[in-house]
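Read the single chain below, which is given as structure tokens and is the form predicted alone.
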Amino acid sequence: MELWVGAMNLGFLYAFMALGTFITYRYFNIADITIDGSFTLGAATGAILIVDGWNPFLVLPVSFLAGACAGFVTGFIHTRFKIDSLLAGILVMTGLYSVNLHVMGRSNVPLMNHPTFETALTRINPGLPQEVWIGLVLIIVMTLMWALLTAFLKSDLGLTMLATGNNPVMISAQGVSTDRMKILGITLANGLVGLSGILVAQYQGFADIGMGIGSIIYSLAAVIIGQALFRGRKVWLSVLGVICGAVIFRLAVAVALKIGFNPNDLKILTALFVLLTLVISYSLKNDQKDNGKMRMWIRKNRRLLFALFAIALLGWFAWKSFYNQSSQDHSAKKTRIGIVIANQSDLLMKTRDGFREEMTRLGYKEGVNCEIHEVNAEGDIPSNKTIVDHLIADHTDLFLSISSASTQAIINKVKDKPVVFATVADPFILGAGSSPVNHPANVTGTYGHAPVGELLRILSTMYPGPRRIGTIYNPGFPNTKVNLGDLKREIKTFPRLTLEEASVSGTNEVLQAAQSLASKNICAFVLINDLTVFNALESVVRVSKAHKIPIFANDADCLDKGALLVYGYEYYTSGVQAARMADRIIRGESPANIPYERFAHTLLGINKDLVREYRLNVPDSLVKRAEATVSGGKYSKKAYKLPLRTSSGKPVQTQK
């Protein structure tokens, strides 16, 4: 139940964005990509104000105005400079990435410990399940929104906007400024998008720099679905269709997860779904030109067909639920573990591998005494919450979150089941407690900042005297922000080192950033842990080899990929530590009594081939300390093993 109600609620909140897209797409035939940025701008503006103490309802008009300002800029560029609407939207959306970072001051603003509309509604809940109560309130809100927007679009101003899009020449002859009408429409549309952004941020518990990515596709899908289901010229029916389309789209995502579709395929499924809807819609639109009986019959009975499909789908789920319940009633108790991973990056996969392999060593066997359900959000922030709802509906006993984004999604939603997190730089900035021992009663996990101070000490022994070093980072990741802050703080203790920075927003910018740093006569690249940079490490290596500038990295896995020296945590061990915490919880220990643990193992590695190629002097003490080396093109690592003990120091007893 919670999965479906939660998906419906999310659909209502995204319906505001879909209504904005409906105005630009239906009235002006513009697919305004500005919304990818104005959605985040509305969320960022409202979230910062909430953190500053504003009432969560008072920030709503401010977020609306923030989104409207973004839309006004797009409309002005489009009409004043006669730039194509799509290009104008792309320009504003690109600029808003930097604006949003400046507004938030960081890449992520957690709202877990701050009042939101959800906490306000909780105080007046008459005793209903939380999601159901929120759903009932949102139904009332969306009904009012439906009435207000319908009234506006049927007014003289709304009809003038429609006429501007349908026949600009005729409306100009009536003395109406088509440019002003376009600016007004795009401004209003993005205001609704900004409003949607802050509502979604409050609902999911945080605002994030990447939360608007792909918004144009989701909102267009809602508009197209609505137009396909509710065909007609009546305004009230079109607006209702868009709202229903937004809900149907989020429910479709929940259905895909429930059926078992790989989340990696959600984006292509979305594209195919929208394409299919468009094809059917345009085919039926031309039915008057074609007297085919089948086509006309489908058009006349489309609502009946949709109802039958929905009934069949609900019946299938009911049967499956009954079947699964019957199977569980007659089977031995198995611990159900749900793993939520933010994306497919190597370090998160290594964490996952460490967890799974350590659980096996501890005696847990899938299908015998445990079931592990792993879901990867593939960087799609809205899907995180639906994934968590899906795991809750699947009666998950213990949640494992890998990465900061997944951790936020889980701890904001799961309050009555144990949660273990892994590979998080700083859980405290996420709102998950204030110290390793003072944290939510159902949460524990492993974390650690990159040991950048020690990396700088090693570098300074190899490069005595005044030197410039360069670093590349994407400010759009919470962990990166923490690691960059550590680097800037630590470098102050090395007065002979000067830091040169280059920020990027995607992997395609890394090569140029590395080249710009190389032109500033840096002696070395110092790479903090950053997913964007490490996913494009080959670009940095290319510049490194061309200019003979060595790479020093905090990611231990960079050694055999082109780094000269690495000193950092091995994320595999983060998964191992998380597995041992999970084992303690499964055996009955409360997460409240398990302190957060820092990563247990750091690795020093040296690429001897590059040392010889760059003719560097590496102290013998460092060579002796190195646990991993590359020599003659071959990677080798000294064997080590974390003691098979719990974090409390007691020996682990493996499962029978």
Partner chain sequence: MMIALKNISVRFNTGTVDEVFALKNISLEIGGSEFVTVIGTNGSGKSTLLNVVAGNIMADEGQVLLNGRDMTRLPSFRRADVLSRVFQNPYMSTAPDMSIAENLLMAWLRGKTRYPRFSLNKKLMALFSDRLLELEMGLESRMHNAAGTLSGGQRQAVTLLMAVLQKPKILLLDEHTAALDPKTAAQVSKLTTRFIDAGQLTALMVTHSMKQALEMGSRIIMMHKGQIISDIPAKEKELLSVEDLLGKFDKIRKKEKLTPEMLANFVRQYV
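Positions refer to the first chain, counted from 1. As the structure is a computational prediction, the values presented were derived from the model and not from experiment.
If you look for the form predicted together with the partner chain, you will not find it shown, but the lines that follow are about it.
Residue heavy atoms within 4.5 Å of the partner chain in the predicted bound form occur in exactly one stretch of 487-495, 172-180, 578-586, 432-440, and that stretch is 172-180.
Taken together, the three residues F152, T160 and N167 all come within 4.5 Å of the partner chain in the predicted bound form, as judged by their closest heavy atom. Taking non-hydrogen atoms only, D84 never approaches the partner chain to within 4.5 angstroms in the predicted bound form. Although the partner is absent from this view, E538 stays clear of the partner chain in the predicted bound form, with no non-hydrogen atom inside 4.5 angstroms.
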